[in-house]
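The form predicted on its own is given below as one chain in structure tokens.
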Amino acid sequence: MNKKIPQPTVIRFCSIYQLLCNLEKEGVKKVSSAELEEKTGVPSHTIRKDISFIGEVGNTGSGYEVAKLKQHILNNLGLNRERKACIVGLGRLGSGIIQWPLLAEGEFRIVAGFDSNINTVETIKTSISVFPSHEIADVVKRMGIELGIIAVPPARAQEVADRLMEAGVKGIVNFAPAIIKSRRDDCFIRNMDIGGELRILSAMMGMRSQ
């Protein structure tokens, strides 16, 4: 990954990359910064500034070539390789994520699942290899897993994150309604509190109606 790219730009690039993937599937060949603004909500001048971080991508005035811009983002963000992921917590949320088709066809692949309940491990129906939680360290190291997804109760979230980090995981998406912290400089965490996001929307709606 190009280390000169600011983190806010990286986040916007990831959204634009997904959009470009969708446009490519629809057969769209070119897209302008104005069209990207319309579809993402990011101002076109910000998009053009972001794109300047990854060099010349062939804006001809009529727009960017979708395939070329997608490839430039792919190369500069280090997304041009598959990364193995695991999920800890195989309840309703975790078992739903482990079966999500999009995580079986992209640049990420869930290769293992973990749960502290042995009965869950033995009865869950999935093509993914599943293990009891006490095997996290061994399995992560043995399978070369770099990414972790946490879907456990909030009281266990930090403990699970610590175990994943100790095993060598470099990125964690946390769906537990608790904020977890990284214990290592080389591990990145995204806390995705669904309830919290709904609360923010509800508050915004409430203030708008006042």
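If you're wondering where the values come from, they're calculated on a predicted model, not measured in any experiment. Start at 1 with the first residue shown and count on from there.
This protein has a second form, the form predicted in complex with a further copy of the same chain, left out of what is shown; the following refers to that one.
A.B. asks: Please run the contact check for residue 63 against a further copy of the same chain in the predicted complex: heavy atoms, 4.5 angstroms, yes or no?
C.D. replies: No - in the predicted complex, heavy atoms of residue 63 and a further copy of the same chain never come within 4.5 Å of each other.
A.B. asks: Classify residue 107 as contacting or not contacting a further copy of the same chain in the predicted complex by the rule of any non-hydrogen atom within 4.5 angstroms, answering yes or no.
C.D. replies: Yes, residue 107 sits close enough to a further copy of the same chain in the predicted complex that at least one of its heavy atoms falls within 4.5 Å.
A.B. asks: Within 4.5 Å, heavy atoms only: does residue 177 come near a further copy of the same chain in the predicted complex?
C.D. replies: Taking the distances in the predicted complex, the answer for residue 177 is yes, it comes within 4.5 Å of a further copy of the same chain.
A.B. asks: Please determine whether residue 68 contacts a further copy of the same chain in the predicted complex, using a 4.5 Å cut-off between heavy atoms.
C.D. replies: No, residue 68 stays farther than 4.5 Å from a further copy of the same chain in the predicted complex.
A.B. asks: Can you tell me which residues in 10-26 come within 4.5 angstroms of a further copy of the same chain in the predicted complex, by heavy atoms?
C.D. replies: Result: 10, 11, 14, 15, 17, 18, 19, 22.
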